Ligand SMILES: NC(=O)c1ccc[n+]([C@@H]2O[C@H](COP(=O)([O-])OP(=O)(O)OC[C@H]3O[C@@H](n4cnc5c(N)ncnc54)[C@H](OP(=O)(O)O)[C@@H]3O)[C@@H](O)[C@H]2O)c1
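Next up: just one chain, as structure tokens, the form predicted alone.
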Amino acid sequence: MKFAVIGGTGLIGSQVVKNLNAAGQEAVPHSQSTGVDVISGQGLEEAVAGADVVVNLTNSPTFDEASPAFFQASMDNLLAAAHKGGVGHFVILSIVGADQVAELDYYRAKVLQEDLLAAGPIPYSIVRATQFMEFIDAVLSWTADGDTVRLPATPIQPIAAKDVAAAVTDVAAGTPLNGMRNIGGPEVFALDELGRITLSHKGDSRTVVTDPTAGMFAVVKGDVLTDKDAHLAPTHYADWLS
């Protein structure tokens, strides 16, 4: 099968392309660097021409109130191009529990993306993942101040990017779900404790202060952990750190 991987040069997309091609499929990466613009629509019809499956791994450049407009425009353009091209399966990557955190603009934007796909004309699959292990350093940086890092005790279930890419690859190569598959890491941590583990491993002497008002995850009151039917990835956080 032929796969058009939009956002195929990024953290997840590049690994999905590699996985699919290693399995004997034909996966082509597309991004702004290859002349494809999901907002203007430039290059989209050419990118999806002849593709059996479109995997959309593009992401909003911001996590604020501008993010819904990004997903609205990009999905409108991609769905139109894919439908015109006769694509038979459309896959996106979203966030576990996105619909439970209406306080966050970005989570609302991801739900909008899901809704647009589900209402569209193409058989689809949504892979919802928990927070990537690769993003923990960024989470720490958001509330770092001198010798301290302030973090809430929000429970999270980190997953390695390679495991996310493996799940997206598996779903993309399969029959459309016309629904969701939830994936997450094998362990649940309080975010403040995960911060302490991370800093200790790096030999970073900063102190993590538990602060229920700190950072984006402070507003996460809903359930953003996987449910009993989720697929749990094999990589543990300690092994990933090592």
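Note that the structure is predicted; figures quoted are calculated from it, not measured. So that there is no doubt, residue numbering starts at 1 and follows the sequence shown.
Only in words, not in the display: the form predicted in complex with the named molecule, which the text now covers.
Quiz prompt | Listed residue that, although the named molecule is not shown, lies within 4.5 Å of it in the predicted complex (heavy atoms), from 57, 48, 208, 27 | solution = After the contact test, the surviving option is 57.
Quiz item: Out of 64, 37, 193, 204, which one falls within 4.5 Å of the named molecule in the predicted complex, going by heavy atoms?
Solution: Answer to the contact question: 37.
Quiz item: Heavy atoms within 4.5 Å of the named molecule in the predicted complex: which stretch among 116 to 124, 79 to 87, 92 to 100, 147 to 155?
Solution: Careful reading of the contacts points to 92 to 100.
Exercise. Please run the contact check for residue 20 against the named molecule in the predicted complex: heavy atoms, 4.5 angstroms, yes or no?
Key: Contact check for residue 20: no, nothing within 4.5 Å of the named molecule in the predicted complex.
Quiz item: Given that the partner is absent here, does residue 200 sit within 4.5 Å of the named molecule in the predicted complex, heavy atoms only?
Solution: Flag for residue 200 set to no.
Quiz item: Heavy atom to heavy atom, is residue 175 within 4.5 Å of the named molecule in the predicted complex?
Solution: Outside the cut-off, so no.
Quiz prompt | Proximity of residue 233 to the named molecule in the predicted complex, heavy atoms at 4.5 Å | solution = Answer no; every heavy atom of residue 233 is more than 4.5 Å from the named molecule in the predicted complex.
Self-check item: Partner contacts for 129 to 154, taking the named molecule in the predicted complex and a 4.5 Å heavy atom cut-off
Solution: Heavy-atom contacts to the named molecule in the predicted complex: 129, 130, 131, 132, 135.
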